[in-house]
Ligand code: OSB
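Here you get one chain, nothing else, as C-alpha cells; it is the form predicted alone.
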Amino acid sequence: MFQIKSIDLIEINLPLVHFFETSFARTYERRIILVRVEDAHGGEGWGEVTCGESPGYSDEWTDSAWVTVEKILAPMVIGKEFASASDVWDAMKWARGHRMSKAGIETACWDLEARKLGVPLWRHIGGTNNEIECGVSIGIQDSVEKLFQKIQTELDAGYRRIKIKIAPHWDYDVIKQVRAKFGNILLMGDANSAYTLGDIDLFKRMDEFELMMFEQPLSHEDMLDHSKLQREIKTPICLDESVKSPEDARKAIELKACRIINVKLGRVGGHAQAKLVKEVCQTAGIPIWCGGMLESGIGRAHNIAMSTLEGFTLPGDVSASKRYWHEDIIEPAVEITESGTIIASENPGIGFEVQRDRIRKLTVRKSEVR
C-alpha cells in the first residue's frame, strides 16, 4: 500500500544521434516529459510520457500532455492510498483518453512499488523471460545507400529483426533493393498510416518480399479497411495506432483486421492495461511485440520490463541507448548482447540509476504538484 504525496513533471530536451524520419515527420530532438512520483514515506518512482512533440502519431503531444498531467490527472491520484500500482489506472478513468499521459503516472507508480518491495519491476509485473529479443526501427533515409549502411550496422551489432519505415515515395523499390542486398533477413515495413485501400495492388505486389509484417498501413483509427486489406494479401498486417485498449485488441481480432499486434506501453495506458492487451492476444493466439516511441532510458527501462511478459514472442523495438542518445539519462546505458538480446536487470524497480545531474542539465521546465 502507498500514498502519493507529490508528482514532479520535468521536461527535458534530448538531441538524437541521427534524425529519425517516418511517413509524417522528421525528428532531430525529443522533448520528453519525465514523471517522478513520491510517496508519504519518501519513496520514489520514475515514468515517462512517450507522446511526440506534435500530434502526428496520436492526438497527444508534449504541450497537451503537460497540462493534462499537471492540471487533471495528478490531482486525481495525489493524496489517495493505493493497495497496488494496478489500481492507479482506475483512479484516472474519469478522464477520457490521454493514455500516454496516464501511463506516465501509472508506470512511475509501478517503479515506486517495485522499489519499495525491493524487487525488479519486470518480475513485479509478472515477467517470465529475463532475456528479450531485440530488433531495430530504421527511419526513412536520404538515399538507399545510406539505408544499406544503417541496416548493415545494426546487423553487425547483432539485432535480430530490421524494421524500415515506408511511405508512398519509399516502399516497393526500396524493399526490393534491401531484399537483393541482404537476402532473407527478418524484415518488416512500418507505414504509420500512409496508405489507403486504393493501394491494395501495391501491397499485393509487395507480398513477393515475404516480410514479417506490414505495420499500420492504413488509417490510425481504422480496423474495417485493414480487415479488407488483410483478406487480399498474404503478408500479416500488424496494428499499432489502431489498438489503444484491450477492447480495441478484441475488436481488431474479431474483425480479422490483423494477425499481429504491436503493444506500446504509453499508447495503451501503462503496465496494467498492457497486461490486459497481452491476455486478449494470447487467448486468441495473436503474436505481440513491444513498439518504441524514441524513449529516454526511463521509458526504455519500462519497455524492457513489459517485454519480459509471456506472450511477447517477436523481437521488439527495444534497442541500445547509443542508437539514439550520445548520453542517456540512466546508468548504466541500455546495451544489447552480441546475440541481439537485452538481459533484464535484477536491481529493484526499473533496474537503472536515474542520472539526476544529467536531467538537471537537460531540463527546460519543471512543475511540482502536491
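So that there is no doubt, residue numbering starts at 1 and follows the sequence shown. Note that the structure is a prediction, hence the values are computed from the model and not measured.
There is another form of the same protein, the form predicted together with the ligand; it is not shown, and what comes next is about it.
J.: I need to confirm a contact call. Of 227, 86, 192, 235, which residue comes within 4.5 Å of the ligand in the model of the complex, counting heavy atoms only?
T.: Looking at the other structure, the residue within range turns out to be 192.
J.: 219, 273, 137, 141: which sits within 4.5 Å of the ligand in the model of the complex by any heavy atom?
T.: Exactly one residue meets the criterion: 137.
J.: Is there a heavy atom of residue 294 lying 4.5 Å or less from a heavy atom of the ligand in the model of the complex?
T.: Residue 294: contacts the ligand in the model of the complex.
J.: I'd like to know whether residue 113 contacts the ligand in the model of the complex, with contact meaning heavy atoms within 4.5 angstroms.
T.: Judged by the heavy-atom cut-off of 4.5 Å, residue 113 is well away from the ligand in the model of the complex.
J.: Even though the ligand is not shown here, does residue 66 get within 4.5 Å of it in the model of the complex, heavy atoms only?
T.: Because no heavy atom of residue 66 falls inside 4.5 Å of the ligand in the model of the complex, the answer is no.
J.: Does the 4.5 Å heavy atom contact test between residue 278 and the ligand in the model of the complex come out positive?
T.: Residue 278: no, not in contact with the ligand in the model of the complex.
J.: Given the ligand in the model of the complex, answer whether the residues 57, 240 and 317 all have a heavy atom inside 4.5 Å of it.
T.: Every residue of the candidate spot has a heavy atom within 4.5 Å of the ligand in the model of the complex.
J.: Which among 285-293, 227-235, 121-129, 71-79 is in contact with the ligand in the model of the complex, heavy atoms within 4.5 angstroms?
T.: Contact-bearing stretch, as computed: 285-293.
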